[in-house]
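Shown next are two forms of a single protein chain, provided one at a time as structure tokens under the names structure 1 and structure 2.
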Structure 1
Amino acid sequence: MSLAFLLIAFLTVATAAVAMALRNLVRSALLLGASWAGVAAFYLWAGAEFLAFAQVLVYVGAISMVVLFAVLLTRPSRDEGAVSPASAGRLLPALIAGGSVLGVLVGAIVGSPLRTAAKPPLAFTVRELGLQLMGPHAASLVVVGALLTVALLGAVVIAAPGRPGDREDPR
């Protein structure tokens, strides 16, 4: 078990936890970007280089940008101040629920005898991945592409301002 893995895991979980606790939304978003980069580092460690690349591209690059935009677009008016992290009424049940789930998961994992492969894994190159994607999984690829297109179109429709006649708060 390498030190690298432990470091990656710790940083990832820690940045995520801090991000979830911060008052400032912009900082939260940036820290989450760091956390996603940590996940990418984990993929790299695990030998899935292409996935690491995709993770950086999609999460660190695209989603955190979109999140930042959303944060800026939906910034609350000044008198409201920063968003309170959590009212005590919600924090306690959240901790209880999260803790119990964590407990169950850890208990299950530790209690399971998991067999691992004896020999070190072969390299899974991008070339093989491409062959898989274009060969047996081509249909799935097309479906995912269609899903993405539809989702993005839908997102545009949802986010676009409605017609003037719609019942809506004036800006």
Structure 2
Amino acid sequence: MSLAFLLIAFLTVATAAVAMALRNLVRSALLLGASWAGVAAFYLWAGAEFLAFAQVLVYVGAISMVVLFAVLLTRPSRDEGAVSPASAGRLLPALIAGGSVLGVLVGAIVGSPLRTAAKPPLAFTVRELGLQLMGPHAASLVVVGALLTVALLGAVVIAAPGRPGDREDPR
């Protein structure tokens, strides 16, 4: 492995880990964008320039800004930021569930046979990819974009606090 790959991998994983560990949602959202930029750097290192461009455009640009706006629009007051004893009691089951998922993923990756290609892969240029995406697959690209937009807007609406005139939930 090259030094560039190790540096990109370390920075990407480190920014994602710090984003998960921070209690400040705004900083976590910004670090998540930095982690996605690290994935784009990996794509550049691997020679997939189009994927790197798409990663920066879609995730680092658009999705990071939607996440940041959603956090800023639905952020609770500072008093609600304290960790309750009930949520602290869920730490062990959460760690067990996360460790189980990690174990299954690592087992699947280690257990899968690594196949080497008998013949070299076909050369596929960025131009040909663009022609495919804007030609026969244009409708599916628009549908996926609309579905993601509706899902993110729905998440913001669901997470938004009630308006001052709304009744409180009787729970």
Partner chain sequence: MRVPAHLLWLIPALPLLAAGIGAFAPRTARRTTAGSAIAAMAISFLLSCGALVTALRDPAVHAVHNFAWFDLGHGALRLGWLLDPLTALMGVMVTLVGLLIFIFSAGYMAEDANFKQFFCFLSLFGAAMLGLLVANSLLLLFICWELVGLASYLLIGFWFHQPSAAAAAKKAFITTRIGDLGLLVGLLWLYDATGSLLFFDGGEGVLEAGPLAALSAQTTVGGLAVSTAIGLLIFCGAAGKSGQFPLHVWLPDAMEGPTPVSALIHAATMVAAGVFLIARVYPLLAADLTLPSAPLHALSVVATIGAITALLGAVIAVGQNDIKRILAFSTVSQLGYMMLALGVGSWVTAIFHLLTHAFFKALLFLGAGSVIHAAHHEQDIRRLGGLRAPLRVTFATFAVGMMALAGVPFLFSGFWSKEAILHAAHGWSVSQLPFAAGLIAVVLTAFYTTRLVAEVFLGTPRGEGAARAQESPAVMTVPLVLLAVCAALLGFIGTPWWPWLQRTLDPTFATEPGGFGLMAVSIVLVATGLGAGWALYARIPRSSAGEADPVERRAPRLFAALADRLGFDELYAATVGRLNAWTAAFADALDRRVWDGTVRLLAGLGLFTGQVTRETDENLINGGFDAASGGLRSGGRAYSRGQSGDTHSYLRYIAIGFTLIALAVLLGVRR
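Under this definition, the rigid core comprises the largest set of C-alpha atoms superposing within 1.5 Å between the forms. Everything quoted here is computed from the prediction, not taken from an experiment. All residue numbers here refer to structure 1's sequence, counted from 1.
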Among the two displayed forms of the chain, which is the form predicted alone?
-> 2
Flag for residue 153, CA shift 2 Å or larger between the two structures after aligning core | yes
Taking the rigid core as the reference frame, is the Cα of residue 104 displaced by 2 Å or more between the two structures?
-> yes
Taking the rigid core as the frame, does residue 143 move its C-alpha by 2 Å or more between the two structures?
-> yes
How many Å does the Cα of residue 95 travel between the two structures when the structures are matched on their rigid core?
-> 3.1
